[in-house]
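In structure tokens, one chain follows: the form predicted on its own.
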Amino acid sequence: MAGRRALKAVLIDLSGTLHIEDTAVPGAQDALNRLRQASVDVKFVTNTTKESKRSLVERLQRLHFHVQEKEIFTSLSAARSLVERKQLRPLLLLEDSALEDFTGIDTSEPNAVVIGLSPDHFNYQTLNQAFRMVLEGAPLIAIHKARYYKRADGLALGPGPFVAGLEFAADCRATVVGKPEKCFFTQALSDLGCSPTEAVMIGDDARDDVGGAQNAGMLGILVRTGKYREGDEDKINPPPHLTCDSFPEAVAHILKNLL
């Protein structure tokens, strides 16, 4: 902890850390309530691209998490900001439930490809359309490149393999806007008035959550829930500040040792 400042903010991953689909991680609601009583800001950061921010809040509230929409920063938000800043007209490879977060964006005659997790639309025809656009010079924007994620029925492919396929076929590099990109974490912290050295990240993805946060200057706590697999903590350098069994244990460590 030498050289670090007093903790001001905790960033929390959602899927796999607080819940898995419609099931909460045991004890997560009470742990979140305890954390909120401490003198730190809480923000939720997620690469989830299967549903809009509004739908995500509704899901969390059904699971009895007290979360407000303004507390959530998503990779969809980051992608929309980039599209608006560059005045692009994107082909959106997203689930229909996520399109709400791009309301008002002009998608006529698309000149860019935005790709997230879209199981219902990842077919040859759609991916080939994206390939042809990128081959002709359209920018490829990946909301994130996660290899896989945890569903109730087991691990499932994330958007990363599909992004990699387009990169390989079109001989290009995608612009990635979600975790583990440094800019994602700095954007998430920007309205909290604190620097990365004053923040900690809790998540179930060693590379995207913990590795990304630590590369941005934060502390990272890895939880053994969600997509975690044995040995994940050994796959990043530097290793996590802490690896623990679940979100409640991570909160207990923060309250005892970091405040």
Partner chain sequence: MADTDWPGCGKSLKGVILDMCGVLYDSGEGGGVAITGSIEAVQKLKASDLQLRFCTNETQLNREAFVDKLKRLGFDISVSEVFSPAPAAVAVLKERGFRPHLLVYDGLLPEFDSVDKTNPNCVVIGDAAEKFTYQNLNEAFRVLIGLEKPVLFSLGGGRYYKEGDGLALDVGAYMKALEYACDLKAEVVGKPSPTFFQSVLNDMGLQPHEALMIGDDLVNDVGGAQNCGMKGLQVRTGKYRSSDERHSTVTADGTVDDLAQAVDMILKQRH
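Keep in mind it's a predicted model, so treat the numbers as computed, not measured. Residue numbers count along the first chain shown, from 1.
The discussion below concerns the form predicted in complex with the partner chain, not included here.
A.B. asks: May I ask whether Lys145, Leu155 and Ala164 all come within 4.5 angstroms of the partner chain in the model of the complex, judged by heavy atoms?
C.D. replies: Affirmative, all three are within 4.5 Å.
A.B. asks: Answer yes if any heavy atom of Leu135 is within 4.5 Å of a heavy atom of the partner chain in the model of the complex; otherwise answer no.
C.D. replies: Taking the distances in the model of the complex, the answer for Leu135 is yes, it comes within 4.5 Å of the partner chain.
A.B. asks: Under a 4.5 Å heavy atom criterion, is Asn128 part of the interface with the partner chain in the model of the complex?
C.D. replies: Looking in the model of the complex, residue contacts with the partner chain include Asn128, since a heavy atom lies within 4.5 Å.
A.B. asks: Just to confirm, Phe184 within 4.5 Å of the partner chain in the model of the complex by heavy atoms?
C.D. replies: Flag for Phe184 set to no.
A.B. asks: Does the partner chain get within 4.5 angstroms of any non-hydrogen atom of Arg151 in the model of the complex?
C.D. replies: The answer is yes: Arg151 has a heavy atom within 4.5 Å of the partner chain.
A.B. asks: So which of 170-178, 93-101, 106-114, 74-82 is the stretch with heavy atoms within 4.5 Å of the partner chain in the model of the complex?
C.D. replies: Among the listed stretches, the partner-contacting one is 170-178.
A.B. asks: Only counting heavy atoms and a 4.5 Å limit, does any residue of 103-127 reach the partner chain in the model of the complex, and if so which ones?
C.D. replies: Those in contact are Leu117, Pro119, Phe122, Asn123, Tyr124, Leu127.
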